[in-house]
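In structure tokens, one chain follows: the form predicted on its own.
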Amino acid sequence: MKVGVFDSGLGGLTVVSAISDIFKGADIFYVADTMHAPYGEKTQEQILKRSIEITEFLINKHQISALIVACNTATSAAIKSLREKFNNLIIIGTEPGVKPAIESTKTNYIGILATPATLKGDKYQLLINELFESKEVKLIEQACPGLVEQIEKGEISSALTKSMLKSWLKPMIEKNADTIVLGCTHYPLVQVQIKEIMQYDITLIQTGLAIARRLEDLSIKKGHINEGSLGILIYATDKINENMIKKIFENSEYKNKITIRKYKI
């Protein structure tokens, strides 16, 4: 099976890593659209245009049968149009794990860390309205401008990154939030730093494993046999931090079998 995955940069590789833990017998083609990163600060029209261009590239170059939009922002901006335009593909999007956060919280205070575009997006607002209609849970929403760029540079433990995280997490600490939704696929890469700053037991919700299981389920229904090896090819449309790629896959059996190519799409 051939699976296409894309994000504006490194973040979606946290999803690919989760996929590699449970999915077999496939080739994964990942596009890190670093030339146009970060998506969180682009317009809806710009994100949709890039999403269509990347999907067409993956279809034409690799004949993919499944597409994963491994980006909350791109999912919000483009998933509906992608499903209409490419209706023969399995298409899986990414959205903040608010539902599991509601099930997890004991204090009824949930933090949401996300890009500005995700928090403003219609898809997120519809999700919140649907889930919180009859709930007493309180959300502490925090846009994190600049965090994706810090992660892309590999500055996950720098003084600046920690300072940014401290200011965003302070309201969550004050309200004793016990669950934080990582509303961007980049953010699991700073989960260690988040836990250090919180200084108490905190549940972090990320969506990589849920996406991997969804892919497995939908693929098996289409006749996929989940056995054999996995190939991972990464395309970067501009510079990419290869040390961060190694960090993402450091515990994966495929860490020494990943091919990286710079490729303009």
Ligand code: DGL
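Numbering starts at 1 and runs along the sequence shown. These numbers were taken from a predicted model, which means no experiment stands behind them.
Another form exists, predicted in complex with the named molecule; not displayed. Remarks below refer to it.
Looking at 122 to 130, 169 to 177, 191 to 199, 69 to 77, the stretch with residues near the named molecule in the predicted complex, meaning non-hydrogen atoms within 4.5 angstroms, turns out to be 69 to 77. Taking the partner from the other structure, the named molecule in the predicted complex has a heavy atom within 4.5 Å of a heavy atom of Pro38. The named molecule in the predicted complex comes within 4.5 Å of a heavy atom belonging to Val148. Interface membership of Cys184, defined by any non-hydrogen atom within 4.5 Å of the named molecule in the predicted complex, is confirmed.
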